[in-house]
Ligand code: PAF
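This document opens with one chain alone, in structure tokens, the form predicted alone.
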Amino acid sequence: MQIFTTEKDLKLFLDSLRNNNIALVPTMGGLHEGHLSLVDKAKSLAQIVVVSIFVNPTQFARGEDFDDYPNTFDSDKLLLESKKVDALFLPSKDEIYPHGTESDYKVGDIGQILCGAFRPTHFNGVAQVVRRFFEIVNPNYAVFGEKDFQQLLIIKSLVKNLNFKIKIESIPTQREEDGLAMSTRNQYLSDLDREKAPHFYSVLSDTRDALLDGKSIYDAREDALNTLSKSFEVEYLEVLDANNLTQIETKTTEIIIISAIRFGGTRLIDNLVFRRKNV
């Protein structure tokens, strides 16, 4: 695995390999098995796999965990080497934003709902850094996880809006044995909080089952909110059309239950996507 810290050197390396398909896996480090599943997907799509590690300041608001975000570079490097990743890109802030952090791209209304209602600048920052990585790497494919479902839709929209010739691929949320969605921020959980955390996924699963059994969206959502609120601070829990995160209509075929909670100083997100019966 070759390691690059500058756009120029990475481009020189990749330009010599353009007769192959290239897949990009953007990360902020703190790698776990979920990230490695993204790498596996990338390897199934392309001959050359590039992984980036960059904790992007523009997607963090004041008071969030930018300064404390886990830095596990030594173990990250070993994990990526074990997967035979071709290139690891480790840029500095100045390398990504040589002209400053102002951006002319806005994600629009989809960035103001759900997570965006609580982190109003977050998705513009995500789109900004992903756009830069796409410009630098110019991959054929880019791979993202479905745990960050709102982010995934925003990135697909970015590719369409800016006419990038990149195919966005995704993999289902990777989970621990007890159902907790894998996340770098799980490292923040105390032992006691870690024992409680799988209840989040359990409530989402029960809500899906209730909807499939015919319970109304209103009643299922209210029951889920009441149950989650006994253990966690609930930022939001919504039942929406999975294709566009809008209200469910008669023609809706895929439903998403999507939620964010806080407890023990940690913020967790999760979702479940399922197909509606009889549609």
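These numbers were taken from a predicted model, which means no experiment stands behind them. The first residue of the shown sequence is 1; numbering continues from there.
Keep in mind the form predicted in complex with pantoate (PAF) is missing from the figure; the text below concerns it.
- Contact between S37 and pantoate (PAF) in the predicted complex is not found at the 4.5 Å heavy atom cutoff.
- Using a 4.5 Å cutoff between non-hydrogen atoms, Q150 does not count as a contact of pantoate (PAF) in the predicted complex.
- Using a 4.5 angstroms limit between non-hydrogen atoms, M28 touches pantoate (PAF) in the predicted complex.
- Interface membership of V203, defined by any non-hydrogen atom within 4.5 Å of pantoate (PAF) in the predicted complex, is ruled out.
- In short, of 195-203, 126-134, 159-167, 87-95 it is 126-134 that has heavy atoms within 4.5 Å of pantoate (PAF) in the predicted complex.
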